[in-house]
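Given next, in structure tokens, is a single chain: the form predicted alone.
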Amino acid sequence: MSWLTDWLNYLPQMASGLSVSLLIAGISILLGFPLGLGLGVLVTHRNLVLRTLALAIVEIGRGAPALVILYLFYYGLPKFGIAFESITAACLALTWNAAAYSSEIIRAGLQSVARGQHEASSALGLSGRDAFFRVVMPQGIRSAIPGLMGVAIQMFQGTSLAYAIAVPELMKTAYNIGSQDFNYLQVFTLAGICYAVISMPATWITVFFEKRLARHA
């Protein structure tokens, strides 16, 4: 059989694995980015305890490999009576990863807002809370969008690590198919194409946003 015929036979199963990968990536992004916003604010908080706690969460999330965090959630927590399904453990681990990386991007975005914007908000009589949510945060998040999109791509590609705890995502599906007829080259090439089909357009969109934001900076 030709490669094309093989790929057509593999596609239904690969599509199932790809849907699981997209689900894990989507959940980790939807939960991770808001958490990243909270952590990005807390690492500059005046309260030393909150600042230290947030900094520890961020540094561990960024410093430890995602695979290690994945193992901690799946194999480590049962020691304390906390057990998760493999897909839940994958979502939690990647959410932590996404929150840690996005927090630094968001913090940099918030700090990039010109001081004059803060002074103008104060002159208009806005409270600190209103100034943050109505003036600073929208501008900061806007600056952070290209970086956040990069993290989103990274999270999608990172779902392949869930293979290590038997989550039936794209890589696990590819391995299972390959082990049936040992056509690993065809199968993993198709898996790579599936990742690229998602990641490359996302990268192009990121570049588009970067250029657009630079034009209006």
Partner chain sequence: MDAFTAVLQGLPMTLLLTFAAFAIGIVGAVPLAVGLSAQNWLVRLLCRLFVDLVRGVPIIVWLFLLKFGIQIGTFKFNPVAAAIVGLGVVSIAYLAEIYRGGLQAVPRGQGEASDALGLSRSTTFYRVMVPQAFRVVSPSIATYLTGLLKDSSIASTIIVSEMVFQSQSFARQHPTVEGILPYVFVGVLYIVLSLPVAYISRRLDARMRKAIYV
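Being a predicted model, the structure only gives us computed values, none of them experimental. Residue numbers count along the first chain shown, from 1.
Not pictured, yet referred to below: the form predicted together with the partner chain.
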### Task
Classify residue 10 as contacting or not contacting the partner chain in the predicted bound form by the rule of any non-hydrogen atom within 4.5 angstroms, answering yes or no.
no
### Query
Looking in the predicted bound form, any heavy atom of residue 208 within 4.5 Å of the partner chain?
no
### Task
Answer for residue 157 alone: is it within 4.5 Å of the partner chain in the predicted bound form, judged on heavy atom distances?
yes
#### Entry: in the predicted bound form, residue 43 touching the partner chain (heavy atom, 4.5 Å)
no
### Query
Just one of 30, 60, 50, 166 has a heavy atom within 4.5 Å of the partner chain in the predicted bound form. Which one?
60
### Query
Can you pick the one in 196, 22, 202, 15 that has a heavy atom within 4.5 Å of the partner chain in the predicted bound form?
196
### Query
Looking at 107-115, 133-141, 120-128, 75-83, which lies within 4.5 angstroms of the partner chain in the predicted bound form, counting heavy atoms?
75-83
### Message
If you apply a 4.5 angstroms heavy atom cut-off, which residues in 156-186 are near the partner chain in the predicted bound form?
### Response
157, 160, 161, 163, 164, 171, 175, 184, 185
